[in-house]
Every structure is written in structure tokens, then in C-alpha cells.
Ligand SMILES: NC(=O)c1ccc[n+]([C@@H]2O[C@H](COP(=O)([O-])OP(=O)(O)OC[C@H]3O[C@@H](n4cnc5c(N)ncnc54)[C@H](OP(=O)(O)O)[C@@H]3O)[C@@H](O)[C@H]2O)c1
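The chain below stands alone and is given in C-alpha cells; this is the form predicted on its own.
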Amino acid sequence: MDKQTPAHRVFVTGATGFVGRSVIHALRTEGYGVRCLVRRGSEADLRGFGAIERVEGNVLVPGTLEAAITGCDTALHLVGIIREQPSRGVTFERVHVDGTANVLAAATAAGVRRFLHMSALGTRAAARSRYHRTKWTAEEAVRSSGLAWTIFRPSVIYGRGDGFVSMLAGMVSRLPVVPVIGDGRQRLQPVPVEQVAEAFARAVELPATVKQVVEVAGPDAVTMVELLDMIGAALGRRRVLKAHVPLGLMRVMARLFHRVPSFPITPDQLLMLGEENTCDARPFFSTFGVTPVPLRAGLERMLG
């Protein structure tokens, strides 16, 4: 099918999020029609995007999905959370597991042929964190769906408006001393949001990626300490002073205060911070024709 025809539409969940907005741009650049699932009240988050369809719905409300997805031949499922809000019914199980099952069911009923799914690096059956375990359960549902699926597992995704590197940059800018949890030696492999979005858009018509799990990362694996220094350099700060907070103390504080919205970390996030978040990124670059962006250059572009 010619992707330039109006019939070739891509249905996107999580379109109003940080990654979703970049994915919309990448899909439009590739010439696809884009239909975005939008929760009531969040329409303004897509202000400025022309030539896209907006349909109201919620991945947690199955009845809103089938009609919304009908007429699209690809579904791109980005919805996920990094922090739960149990009082509002927003949990890993509901969003990652039930939400994915709902979208898969609607996609199957609507005759969707292609399903692209956002997971996370570190996802596995026996993961320590509930975040990763529920992501694994969602992946298993995708794999057993019968659709032509591709699963993406990115490391930390960075860019303007992200929730992690921007937070660290704010700390480096404002604080005379930046707190570091534990020894800060666990490695991560940040990847620019634009390259993640390009990979999703190119995967739509890339047969080699069907029924494949793709690990996504940038070219540089760095420790948290090194990342803070690189952020400091991008901001023109000659030296970033750091104070190491014992992991045991943070575990106690996280258990006591994680339900307070302003407290920066949860017990589940602490489990993830204690693990390496790296992979061999060469297959990602070669499969999608993406040119690696050195982390230092990416941070300078983002923060400079």
C-alpha cells in the first residue's frame, strides 16, 4: 500500500507525551496519516500539530477504542507510566497490562495489520521492579496477539521536555551540590528522542523488524556521575559538586514518602536505579539507518 494515500493511517496512543509528540512528527515526515488517541482534557497538548486526526478515548476504557482505531492499518502503542497514582486507579498493572490488552483487542477487531509497542530496556520476566515485570506481561500479550508486531526497549530517552535529563539539568543549574543516590556507578545509555521516533516511523514498513524485540540506546554508556558532569559541561558549569546519599537511607525515605507527589523517587524506581541500563546499540543503528549521536553532542544541542 502506498503510504502517501489517506487510507494508510497510523493510530497512536500516548501521542500527547514527550515521546509521542516526536513520533507524530516522524510519522508525518514519512508521509503517513496520523490518528491520535486523546484523553478528554488533554487536547491542548497537541496544539500546533496540523494534518492529524484527534479522537477521544482512553486505553483503560475498552469501549472507546475499537471505533477510534477502525480505518487504521498500524497501531503504535506508547502509553506507559513510571510512577503510580493508586488513589486515581493509575497502576502499573492497569496501564501496562490492562491498557495494552485493551489496545490489542481493539486493533485485532479493527483489522489492524501492524502493531508497534513501546517497552523498556531491562524488561524481563524475573525483574526486581514491578515496572519491568508489568512491561514484560504486556510484551507477552503483544507476542501472542497474532499481529505483525515489533517491540522497542529503549534506555533513557532524552530531549527537550523529557522527565529525566531535564530534571538533572535543573538540579545542576540550581543546586550548589547535586545529590547522587549510592555510588552513582550504574551505567545507562541515553538516546535522543528524535532517533527513537525515527525508528518507530521507519518500522511501519520495515519487514525485517516484524516479530522482533529491538533494544534501543545511544552510542555512549555512562555512569550517573559521568552524566552529571556531561550535563554540567553542556550548561557551562566547570565542576559539578556531588553529595552521595546512602542507598539504605534512600530506601527508608522512599518507603515513607513515595506517595507524596513532590518526593522525587519511589521504591520501584530505586530498584531500577540499582541496575545497569545498557545494551549493544549497533543493531539499532544499522537496522533503522540511524547515525549515532555522541551523548556529549546531544546534550549540548539539548541544553546549549
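Source: prediction; values computed, not measured. When you see a residue number, it is the position in the sequence shown, counting from 1.
What comes next is about the form predicted in complex with this ligand, which is not displayed.
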W149 within 4.5 Å of this ligand in the predicted complex, heavy atoms: no
Partner contact for L295 in the predicted complex: this ligand, 4.5 angstroms, heavy atom: no
In the predicted complex, V156 touching this ligand (heavy atom, 4.5 Å): yes
Heavy atom of Y131 within 4.5 Å of this ligand in the predicted complex: yes
All of F18, L37 and S42 within 4.5 Å of this ligand in the predicted complex, heavy atom check: yes
One stretch from 24-32, 247-255, 234-242, 42-50 that, in the predicted complex, holds residues within 4.5 Å of this ligand by heavy atom: 42-50
Residue (of A203, A106, A120, L188) lying close to this ligand in the predicted complex, criterion heavy atoms within 4.5 Å: A120
A110, A141, L78, A221 - the one with a heavy atom within 4.5 Å of this ligand in the predicted complex: L78
